[in-house]
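Below you will find one chain, with nothing else, as structure tokens; this is the form predicted alone, and questions on how it binds or moves follow later.
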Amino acid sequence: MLGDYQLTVLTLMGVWMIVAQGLNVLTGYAGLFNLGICMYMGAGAYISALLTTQYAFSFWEALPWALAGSGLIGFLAGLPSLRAREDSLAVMSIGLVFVFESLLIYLPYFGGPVGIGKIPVPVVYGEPVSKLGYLFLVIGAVVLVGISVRCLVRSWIGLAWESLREDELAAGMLGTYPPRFKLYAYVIGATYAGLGGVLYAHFINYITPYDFGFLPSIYVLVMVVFGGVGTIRGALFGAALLTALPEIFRFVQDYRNLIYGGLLVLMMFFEPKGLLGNDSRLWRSVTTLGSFFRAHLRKTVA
């Protein structure tokens, strides 16, 4: 049986997987370099927290409003970003996340620097969901997000994002309207991140503005880059591994940040595409082994 500690780590791992997929849509597929993904995560968390603590909404009633609010903020944040490119876009996203964090801190309606507490857990058939039940809820959300991302990148929207990422000017000349598809990426990526924020808030039961600032956004970016930008498997693997590593190195409490940082530096030096990126050594090895076993299986069956 899993204890409370293991359930907490696994649940947070799932939450970060969802948020990482939101950033992966923006940066990995649409090529929009964003350093403020946790702004959208915070939007979902705060909307759901306010509705459930101040307006007597249930988790299930607040969820669609939180997702819609996150998507709307993604749309509004995407509008000024349409004129920005690469470095300017990254700087703009940093500015937006600092503005968002400041509003949460200085406006009393959002609880100020203290944040919002006593956020209720979801209720199913009149009973609060247990930690194990919440883990299954998060796993279900991870699966649904992964399937939806896969469907998106295989659709005409995914093809448009790929063309924008490779060469925006050429994509426009071929008939793709870049602003529209950029806004699609902002809205969809923000909605995924908002879902992660809702699940985070109702699991932790307490949120503060500092949970959704610049540093957590960098943390998510590292997850995506570590696993492999532009791949579903990379975002999932990076989020899982980088959530687990600090816990794995807990036995060397005084040195775990040093070991953790050193591993990241070494990994990016030897695998700049990420551990499971399309061109990484590890992924090439996995695909080669997969091809070998499939060929062997076909021979055996024949």
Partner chain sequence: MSTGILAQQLVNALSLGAVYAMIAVGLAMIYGVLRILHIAHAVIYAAGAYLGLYFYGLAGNFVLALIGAMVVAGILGGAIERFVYRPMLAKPRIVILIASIGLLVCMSDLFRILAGPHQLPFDVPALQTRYGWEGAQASGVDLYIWIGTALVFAALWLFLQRTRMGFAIRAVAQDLETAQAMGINANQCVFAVFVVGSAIAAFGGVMVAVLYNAVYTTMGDMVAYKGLALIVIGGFGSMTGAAIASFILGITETIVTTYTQIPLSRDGIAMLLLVLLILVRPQGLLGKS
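Residue numbers count along the first chain shown, from 1. Everything quoted here is computed from the prediction, not taken from an experiment.
We do not show the form predicted in complex with its partner chain, though everything after this point is about it.
Stretch-level contact check against its partner chain in the predicted bound form with heavy atoms at 4.5 Å: of 29-37, 237-245, 46-54, 65-73, the positive one is 29-37.
Checked against its partner chain in the predicted bound form, the residues Val114, Cys151, Leu144, Val99 give one hit for a heavy atom within 4.5 Å, which is Val99. Only one of Leu159, Ile94, Val129, Ile139 comes within 4.5 Å of its partner chain in the predicted bound form through a heavy atom, and that residue is Ile94. At a distance threshold of 4.5 angstroms between non-hydrogen atoms, Leu183 is out of contact with its partner chain in the predicted bound form. In the predicted bound form, its partner chain sits beyond 4.5 Å of every heavy atom of Trp60. Contact between Leu107 and its partner chain in the predicted bound form is found at the 4.5 Å heavy atom cutoff. Its partner chain is not drawn, but in the predicted bound form it has a heavy atom within 4.5 Å of Phe214. For the stretch 74-97, the set of residues having any non-hydrogen atom within 4.5 angstroms of its partner chain in the predicted bound form comprises Pro80, Arg83, Ala84, Glu86, Asp87, Ser88, Ala90, Val91, Met92, Ile94, Gly95, Leu96, in sequence order.
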